[in-house]
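Take a look at this single chain in structure tokens; it is the form predicted on its own.
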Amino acid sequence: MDRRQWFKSSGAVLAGLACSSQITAASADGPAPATVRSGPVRLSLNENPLGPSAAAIQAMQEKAAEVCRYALTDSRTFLTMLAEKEGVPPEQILVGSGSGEVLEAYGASLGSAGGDVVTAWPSYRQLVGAMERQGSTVVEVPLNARKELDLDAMAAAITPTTQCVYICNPNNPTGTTVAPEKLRNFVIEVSQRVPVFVDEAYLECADDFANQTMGGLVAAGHNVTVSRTFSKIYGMAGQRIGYAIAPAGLAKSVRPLITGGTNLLALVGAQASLADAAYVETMRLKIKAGRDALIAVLDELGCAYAEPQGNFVFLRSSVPIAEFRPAMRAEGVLVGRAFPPYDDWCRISIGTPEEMTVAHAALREVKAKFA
């Protein structure tokens, strides 16, 4: 038996193919196998435990014996595939170890002493944190009453020293989106003054991706960068692969700050995911079903929540998160960290149906405890 046959027969696939205690496949071919639970249900990190497509898992298994080789051919193939998908030339695409690496490199490139970056707050902080480490000042604009980005206030916060405006849509941790036309107009107008970065890590989980994405503005020549990841809807958080589409000049300046090549299995898994045409829509419906079921429990319990469009829900815990988190853990569920100033709110990710059954029961128990 040669190495390739051994890997196939033994199922000894590298880290990232296993989710909890088993490999979970969530493709259009059928439901994922039931998850065997060992320890608390982890709904704290916005992972997608429904798992990668069956095609992605198969592709990674078939390539596992070739991890001794650099992924040169696969890197070029993936770049070509992304360029065709996004309608831009390959030189406008930045590929990283998760979209987080692209955010880090972009922030390091634009950050400067004496400059500033405008962002909503609370929101995802990786890009603005990278700029801050380069000496930039972070200008935090509070969310509106609906826990949405306040675009008017963000536009008003721009000054001659602003180096970048960062938009996370859907926003993390609140899960809310901005009305597409309003966001589109904002990006077009603001990008004439400063670069705009739109982080769409969760947008493929939303109800209307095609209408909400700002990717077309990059292809149209606006000074905007849009990032995506395979960690969320594609269920590949452990394999670390993501990308951004950016203006050619900006991409050229950011690319040298991306520190390493993407691993082979991530590349082939991502390619297979993109080629699995039915997967995204099937997964989007599964995530929406999980969101809707969680919202139904929150409505039953009288809990307020932000209007969710990601693979998580931001809910009012009514007690300090410092008390709510250990109470949920005692019921077998790990939930999100604190997101000041919302210290009595909690972010809960969408898990498998089995995990969400545990979470629903935990919410009922904890709500009764604090009543």
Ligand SMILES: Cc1ncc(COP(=O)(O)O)c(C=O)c1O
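For every residue, the number given is its place in the sequence shown, counted from 1. Computed from a predicted model, the values in this text were never measured in an experiment.
We do not show the form predicted together with this ligand, though everything after this point is about it.
- None of 204 to 212, 217 to 225, 119 to 127, 141 to 149 except one has non-hydrogen atoms within 4.5 angstroms of this ligand in the predicted complex; the exception is 119 to 127.
- Interface residue remark: P90 is not counted as part of the site for this ligand in the predicted complex, having no heavy atom within 4.5 Å.
- In the predicted complex, at least one heavy atom of Y166 sits within 4.5 Å of a heavy atom of this ligand.
- Of the heavy atoms in G115, none are within 4.5 Å of this ligand in the predicted complex.
- Interface membership of R240, defined by any non-hydrogen atom within 4.5 Å of this ligand in the predicted complex, is confirmed.
- For the candidate spot formed by E86, A244 and Q271, no residue has a non-hydrogen atom within 4.5 angstroms of this ligand in the predicted complex.
- The contact with this ligand in the predicted complex, taken as any heavy atom within 4.5 Å, belongs to T229 out of T177, T229, S191, T262.
- Proximity to this ligand in the predicted complex, taken as a non-hydrogen atom within 4.5 angstroms, holds for one residue of P195, G98, G290, G111, which is G98.
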